[in-house]
Structure formats: structure tokens, C-alpha cells
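This document opens with one chain alone, in C-alpha cells, the form predicted on its own.
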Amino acid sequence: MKWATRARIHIDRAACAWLIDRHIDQDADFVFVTDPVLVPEDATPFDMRGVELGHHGGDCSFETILRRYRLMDPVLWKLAEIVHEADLDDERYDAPEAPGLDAVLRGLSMTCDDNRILELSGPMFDGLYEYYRRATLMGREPA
């Protein structure tokens, strides 16, 4: 399936692409557009103004996608808190990891194209997911 988002991706779009690829559509094909009118007809748009899978009710797009696809994994919701704070910085959640994640993604966006950002950020989100999965299982931070 084809998925489309705005070019020059940052934290929410990179995290959404990871979420889509790992938990919704393992054959996902991502398209980056500079104008919403350029979204291919056969693509599902995300993190774009006015689309179903965008910001709604104070949620970032990552949270919207979790709700839309009814993904209830508590580890994904922990990542949503971090992505939310890195993207919106509205202090809804206590996510001290957010500024660091934001800085890493901003730096990648300065040095890489969108496809390369997805290549590099995918393992980073995999690592965050595994860290918080183990923390959830153990009831404490993993060593």
C-alpha cells in the first residue's frame, strides 16, 4: 500500500512511517510530496493538514494513527507520549526523552533526504520500542 506525507520529514512523520511499517503495513511504500495536491490517488495521506491521519483534538499524527487502527499496545502509547512532546512540546506528558529525540531528527533532516531519514530512524524507533517493552515487562528501567 502507498502512504504519502509532506516532504522534509521530522519527528511525527518519521515516527508515523515507522509505526505504519512495523505495525500496520509491512509492505508500506512511502511517498513524500511538497504539496498536498501531489498526493497520488492510490496513497493514504498522513501528517498533512486536513487529512484523517493528521493532528486532531490536540493529538499528534502518531496518536491519531494509534487510535484509528486501534493499536492498544502500551509500549506504542509510551512512544506516542515521547513523539507528542517532541513534536508539540505542550507539556501534556512527562517525556524527558523528547528534546533529545527532537534534536536527533532535526539533525538528520539537515543532512539526509527523507528516505535516508526513514532508514536511520527505523532502528532508533525499534530500539526505543524494545527499551520500553522490556521496562514494561520488568517494571523498571532495563539495565
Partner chain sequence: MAEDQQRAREARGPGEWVLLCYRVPREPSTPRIAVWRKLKRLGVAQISDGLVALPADARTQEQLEWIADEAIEAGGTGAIWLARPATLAQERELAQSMADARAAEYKAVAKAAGEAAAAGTGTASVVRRLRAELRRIGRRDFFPPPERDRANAAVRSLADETSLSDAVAMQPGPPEKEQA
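Note that this is a predicted model, so its numbers are computed, not measured. Numbering follows the first chain given and starts at 1.
Omitted from view is the form predicted in complex with its partner chain, to which the following refers.
Note on contacts: among 104, 48, 39, 76, the single residue with a heavy atom within 4.5 Å of its partner chain in the predicted complex is 48. In short, of 116-124, 21-29, 129-137, 8-16 it is 8-16 that has heavy atoms within 4.5 Å of its partner chain in the predicted complex. Among residues of the shown chain, residue 87 is one whose heavy atoms approach its partner chain to within 4.5 Å in the predicted complex. In the predicted complex, its partner chain sits within 4.5 Å of a heavy atom belonging to residue 56. Not displayed here, its partner chain is kept clear of residue 35 by more than 4.5 Å at the level of heavy atoms in the predicted complex. Although the partner is absent here, residue 94 lies well away from its partner chain in the predicted complex, with no heavy atom inside 4.5 Å. Within 4.5 angstroms of its partner chain in the predicted complex, the stretch 115-140 places no non-hydrogen atom at all.
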